[in-house]
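Single chain ahead, written as structure tokens, the form predicted alone.
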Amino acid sequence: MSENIAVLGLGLMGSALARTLLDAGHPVTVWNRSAAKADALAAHGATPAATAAAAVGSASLVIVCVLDYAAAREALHDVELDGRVIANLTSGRPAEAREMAAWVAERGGEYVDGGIMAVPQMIGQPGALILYSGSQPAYDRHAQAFAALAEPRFVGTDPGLAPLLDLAMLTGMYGQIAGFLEAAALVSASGYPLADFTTELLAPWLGAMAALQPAWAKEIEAGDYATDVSNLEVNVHGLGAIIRTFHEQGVKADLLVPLRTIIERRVHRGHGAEGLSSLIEELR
């Protein structure tokens, strides 16, 4: 089944969303503040709208993907939203999503917030994931359209939950990137081939470490941080050796030093026998 959909915002991600919906057989009306960005999609079968109001008026489902929540409100300012579902796939904070949901409701619309866990090239392809939260009836009504974009996952009726989980996943990603860059700096300084190190050694090791995370989650939920592997006292010494090695190799350990500081703080509070998962208590 096809449904009339409007896409507001035609940057790289918005354009990918609109093109994927067109390929899935949905009539799509598009709008962008810079009208020329609609030309390529018009050639692909989309209907350009002169105003955001015209685009919204053509559809029951309105997908918004712009720079930030302020831009989303600006696009929808003075637009009739009664009877429309606003699916805001703009990146933002949980508090902004909740405010946006109330703002849309005041204007007669239903609100769904989304966190896109993909780059534009992944939209419509295996491996893409979009988290949704907010109005479950609105989500259920348009589940087919959402499924065309990526694997859809409804995570709860709190509109702020999808962006919170989005930011949490990005936090994990940034941590992994930080670890890789520190390791790459150390290996590069030694002259060892970085590609060989990454493919043959680091990637399998990180995969093995990632497999521990579900067990850590259970430890955190239970508040039980006993460990039969290296405890915090051992890790303080290990990180100390790593950081000294960085200095000796002439590279910076700037991304590792804060981690050692947190571990030292935990040890000084009398928790040296606990495992690394207990560091969450220093972050709460």
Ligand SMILES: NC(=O)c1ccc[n+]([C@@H]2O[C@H](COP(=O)([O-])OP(=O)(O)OC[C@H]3O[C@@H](n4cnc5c(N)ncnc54)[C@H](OP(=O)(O)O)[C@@H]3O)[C@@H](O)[C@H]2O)c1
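These figures come from a predicted structure and were not determined experimentally. A residue's number is simply how far along the shown sequence it sits, counting from 1.
Only in words, not in the display: the form predicted in complex with this ligand, which the text now covers.
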For this session: Considering this ligand in the model of the complex, find the one stretch among 184-192, 199-207, 133-141, 113-121 with heavy atoms no farther than 4.5 Å from it.
Result: 113-121
For this session: Only one of 145, 85, 150, 89 comes within 4.5 Å of this ligand in the model of the complex by heavy atoms, so just point that one out.
Result: 89
Exercise. Using 4.5 Å between non-hydrogen atoms, is residue 44 touching this ligand in the model of the complex?
Worked result: no
Exercise. Is residue 13 close enough to touch this ligand in the model of the complex, meaning at least one heavy atom pair within 4.5 Å?
Worked result: yes
Exercise. Just to confirm, residue 56 within 4.5 Å of this ligand in the model of the complex by heavy atoms?
Worked result: no
Problem set entry | Partner contact for residue 66 in the model of the complex: this ligand, 4.5 angstroms, heavy atom | yes
For this session: Within 4.5 Å of this ligand in the model of the complex, which residues of 15-39 have a heavy atom? Give them in sequence order, or say none.
Result: 31, 32, 33, 34, 37
